[in-house]
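Only one chain is shown below, in structure tokens, and it's the form predicted alone.
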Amino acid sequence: MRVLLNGSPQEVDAGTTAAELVVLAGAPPTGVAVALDGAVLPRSRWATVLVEGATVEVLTAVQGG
């Protein structure tokens, strides 16, 4: 199925969770935020199974000035 990951189409298997997509995005294990269809997805809900056409933003914290 197809989802939109950080603005780019991404083919993923049916049943893929937000947590699995974070791994596929190459995000580090900490300092990560996820938004699903425009709403922040708390880490406690990263087991949410994505649906066809879901829009996912994976954001990482960046330090610096």
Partner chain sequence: MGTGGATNLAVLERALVASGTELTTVAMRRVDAGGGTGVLGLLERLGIAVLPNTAGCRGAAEAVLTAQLAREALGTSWIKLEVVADERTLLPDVVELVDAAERLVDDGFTVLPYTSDDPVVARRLEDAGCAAVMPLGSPIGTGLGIRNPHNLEMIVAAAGVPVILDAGIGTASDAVLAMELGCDAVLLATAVTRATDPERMARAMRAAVEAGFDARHAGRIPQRFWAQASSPVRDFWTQDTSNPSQADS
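Numbering follows the first chain given and starts at 1. Just so we're clear, the structure is a prediction, and the values are computed from it rather than from any experiment.
Below, we refer to the form predicted together with its partner chain, which is not included among the displayed structures.
Asks: In the model of the complex, is there a heavy atom of its partner chain that lies within 4.5 Å of any heavy atom of P42, even though the partner is absent here?
Replies: Residue-level check for P42: yes, a contact with its partner chain.
Asks: Is there a heavy atom of A25 no more than 4.5 Å from a heavy atom of its partner chain in the model of the complex?
Replies: Answer yes; at least one heavy atom of A25 falls within 4.5 Å of its partner chain in the model of the complex.
Asks: Within a 4.5 Å heavy atom cut-off, is L59 in contact with its partner chain in the model of the complex?
Replies: Although its partner chain is absent here, L59 would touch it in the model of the complex, with heavy atoms inside 4.5 Å.
Asks: Could you run down 29-52 and flag each residue that has a heavy atom within 4.5 Å of its partner chain in the model of the complex?
Replies: Residues within 4.5 Å: G31, V32, A33, V34, A35, G38, A39, V40, L41, P42, R43.
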